[in-house]
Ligand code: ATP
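Just one chain is shown here, as structure tokens, and it is the form predicted on its own.
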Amino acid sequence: MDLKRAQFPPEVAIVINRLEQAGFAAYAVGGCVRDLLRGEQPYDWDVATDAKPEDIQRVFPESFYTNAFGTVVVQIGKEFPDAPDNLKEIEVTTYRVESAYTDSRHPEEVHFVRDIAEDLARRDFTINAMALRWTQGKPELLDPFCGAADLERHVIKAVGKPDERFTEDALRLMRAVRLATQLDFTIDERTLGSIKKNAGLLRNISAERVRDELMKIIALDRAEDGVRLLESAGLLHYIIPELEEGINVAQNKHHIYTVWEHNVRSLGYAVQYHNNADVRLASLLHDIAKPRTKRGEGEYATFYGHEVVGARMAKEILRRLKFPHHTLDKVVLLIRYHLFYYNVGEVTESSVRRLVNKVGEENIADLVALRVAERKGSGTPKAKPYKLRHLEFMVEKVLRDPISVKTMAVNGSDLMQCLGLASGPKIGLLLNALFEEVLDDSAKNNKDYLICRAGELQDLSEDTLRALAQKGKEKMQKREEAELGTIKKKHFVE
């Protein structure tokens, strides 16, 4: 860790400098210090000071204070108009200690203190309980709980007594898992024991906060490991206990893993192949109903209707966790149709259109992504089986506008009205003859030109007109075949 390279952005430096010039102490604290010591550029910056909120506001008139916890938001954007959004406002908080937490989340009272060490003692984990400032051009790190050493050891460790930290704020139980997953750290043995002991405190946390912390874990590159750690730490039982029903539940000859193992592995593959949060969530929950629908044992066990039951279960879970309607609807739909039938040579264009109508054109790519993740999660060696690539080809084929005379700027009615022609075969011949020219030069596809050209062509003999029309049909067919060939190559199908 090279502290000399741990420079503050100018927006943060000026906040600290002005507080010090006004006679107060000020430090960068928390996660930003942790990230600096790891050699990463922090996104969120927090400053702690012994100045009271009213003092902070006197130093920074462009600020606002709307809470009871000593945090003043300093608006620095006017001085730094080119600053990134995350640095236009800097949170500055007065050193504080907190009284009893009766709801496992919020302190009954907050008391401002003068000593930064007291403030750091109330924080969650040692790697987040460090403070940093520059004094006479040299970095000064305050690390009363050996957070820097824990960073070196790759350990998540609670500050002080773990039971007290988790009783104060039960969401820290999940945050420990998230940090361990995000940083690829282990959780200190004593801290992990306290998490298991106090897991039930999650019941005191609002569903919205649990949901948000869960989705932060699922958004990580190591989301699979995060969910496994939630389960081994005893927390998953208070978040999605239905997932635990799949532990040790064997499947059939199509799967080499248990239901639980298959679900978490599917999440892992969804992370590799897709960055969509809905797909990741659906991959974790897609087979959640298998334990309840299982019939028989061994390689011929069945799970009939598990996609229907699973969709209902997922809806209940997502409602319980207060997910927004758009997420709930999307994930439930993906789970409901993740078993869509598709075999090359058996499925027709009309059946593909029916599938698209069921799930929506905007959801097809995510449905395929889910299917790929669940196939990989079953132990299937190929990342994307040929039949799924063929489905993508068929979907693109049926959804695109085919090359035809219908794409021209005129139609039969236009020719009859403008040229005074009667309905009959000649109209079709004229349209195909015009289309032959449009295929060669798309600039000719405008109504005025085509009407004028049709007036010239209508006087040709029927045989000549028929030959031109046939030429147009042949060009159209070749162009269509070429375009379909391009789409096939795109999806690696024959």
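Note that the structure is a prediction, hence the values are computed from the model and not measured. Residues carry their position along the shown sequence, with the first being 1.
Only in words, not in the display: the form predicted together with the ligand, which the text now covers.
query = Does at least one non-hydrogen atom of G30 fall within 4.5 angstroms of the ligand in the predicted bound form?
reply = Close contact exists here: in the predicted bound form, G30 approaches the ligand to within 4.5 Å, heavy atoms only.
ask   = Is D169 a contact residue for the ligand in the predicted bound form, using a 4.5 Å heavy atom cut-off?
value = Judged by the heavy-atom cut-off of 4.5 Å, D169 is in contact with the ligand in the predicted bound form.
ask   = Does the ligand come within 4.5 Å of any heavy atom of R292 in the predicted bound form?
value = Because no heavy atom of R292 falls inside 4.5 Å of the ligand in the predicted bound form, the answer is no.
task = Look up in the predicted bound form whether T181 has a non-hydrogen atom within 4.5 angstroms of the ligand, and give yes or no.
result = Judged by the heavy-atom cut-off of 4.5 Å, T181 is well away from the ligand in the predicted bound form.
ask   = Going by heavy atoms within 4.5 Å, which of 428-436, 451-459, 59-67, 43-51 lines up against the ligand in the predicted bound form?
value = Result of the contact check: 43-51.
query = Which listed residue (K157, H306, R123, H255) meets the criterion of a heavy atom within 4.5 Å of the ligand in the predicted bound form?
reply = When the ligand is considered in the predicted bound form, the option within 4.5 Å is R123.
request  = State the residue from N198, T191, N263, N128 whose non-hydrogen atoms include one within 4.5 Å of the ligand in the predicted bound form.
outcome  = Flagged contact: N128.
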